[in-house]
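Before any questions on how it binds or moves, here is one chain, the form predicted alone, in structure tokens.
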């Protein structure tokens, strides 16, 4: 896959006023399948599940290698003046994202009573105008959902006639901030708090609602990514498993690396990267217990603990054969050294803070503009709204900090699959035969926004056995997952570099994933170091994470 930045000569795709993206033929097909009781979203059985090992199950590789996909960089977590703690116009965020090389963005203002009542409609024409002005940049409308019983999540749709109606109805019925708001004179809401456990059933119902909108043909696709999942410890392992099980075609992953990466600069806010400064509270999962040596409430090399820990929570999901993808975003609210401050509007009563005020003086904030530091690279057949979302759903995703690499092409093949599969894929091998892994990395060619051409020092090949569903749905470790091979990168390397590794005499199902580092800050075993609160320069500790590939034995 390749990544280009030709941002010209493409038509504006879709509109919240028209229904051209509803694609009647595919809608008719979905309605037919829905009538038969077949869920078409996420129908492929995850590698390692019982369905994947049935003798008569089709052995079709998923995400074949060598397609004509290209890498499209984007960001699914961006705020504007329509958030109570944001400040920018939609046009400002989109223009900056385009300037910094992104192909797609999702506007995700905070859900809640005022947003549902006012903002979801106010932002729609601004987004449509931005689409017209920046025709080579995909601008999605979404929201940052207060997951009932848990943290936040990005929820978004492609443009279409029903998109705004779906988001408005979804938020009104299922947002934790709305559900916890007082509904009568008692001062009580339908749930005690946005993050209290009594909200968990609403979260599952919400995801089923979104999947129903896809099956009914009201939208071509809908996606959800859990944001900053370990920040407050309120996303329990069983909740994450429940989201995926409730709507496997919608709930597909999490922010492997949170935004707010400038927050740890000693010369800036001097806080924690990602605003990961919390400690357990009444709604936190008790298994996330900080110790002197390990703290789930902190980032590691800028990545969430759930992602960064080898054999940790992410790996426990993958060891079940459960597809679950990771991304990297800006979570842009207020951007470091920008000269703007928030407008003076009353968000609670109007749904907007009003136009930002340009003071002419650089401000110390905790965020970066979209594309400056974090990027989610997606393999897609075209720069189109639905294709990029399909790439995200398929796990053809690379999470990158500081433009450490320009791209990573992974190919896994076997005796039963000579072509092989790529990131997010699934393939098959005859028991006792070999599996070959080829990794091609396109090294950074240009300086990043920290002013340096980053140098990749190593690539880790990580993997473990796929053992099937766990008995305890709050399992948060995969003890047999480990770094299987480390490939060192020569300091003189330029352009594209290639590594290969062969697994001999494979007897059991397993999965693989990759991470890479600039090597500046490593533990004794080569892992990321826990970031220091108050002194964590993100530009001196760069990583990328590639999503997994599953290998089934037959």
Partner chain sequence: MSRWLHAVPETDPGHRAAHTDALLLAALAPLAVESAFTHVDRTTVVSRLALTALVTGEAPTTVLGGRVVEAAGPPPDGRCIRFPGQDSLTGVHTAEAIVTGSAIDEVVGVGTAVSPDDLVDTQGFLRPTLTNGRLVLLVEPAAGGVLRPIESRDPHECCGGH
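Positions refer to the first chain, counted from 1. Nothing here was measured: the structure is a model prediction, and the numbers come from that model.
This next part talks about the form predicted together with its partner chain, which is not shown.
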- Message: Given a 4.5 Å cut-off on heavy atoms, tell me which of 335 to 343, 229 to 237, 156 to 164, 377 to 385 is the interface stretch with its partner chain in the model of the complex.
- Response: 229 to 237
- Message: When its partner chain is placed as it is in the model of the complex, are 409, 411 and 524 each within 4.5 Å of it, taking any non-hydrogen atom of the residue?
- Response: no
- Message: Between 290, 242, 311, 189, only one gets a heavy atom within 4.5 angstroms of its partner chain in the model of the complex; which residue is that?
- Response: 290
- Name the single residue among 352, 137, 116, 195 that comes within 4.5 Å of its partner chain in the model of the complex, judging by heavy atoms. 195
- Within a 4.5 Å heavy atom cut-off, is residue 202 in contact with its partner chain in the model of the complex? no
- Query: Would residue 277 count as a contact of its partner chain in the model of the complex, using a 4.5 angstroms cut-off between non-hydrogen atoms?
  - Reply: yes
- Contact test in the model of the complex: residue 282 vs its partner chain, heavy atoms, 4.5 Å: yes
- Do residue 473 and its partner chain come within 4.5 Å of each other in the model of the complex, heavy atoms counted? no
- Query: Across 143 to 160, which residues bring a heavy atom to within 4.5 Å of its partner chain in the model of the complex?
  - Reply: 146, 152
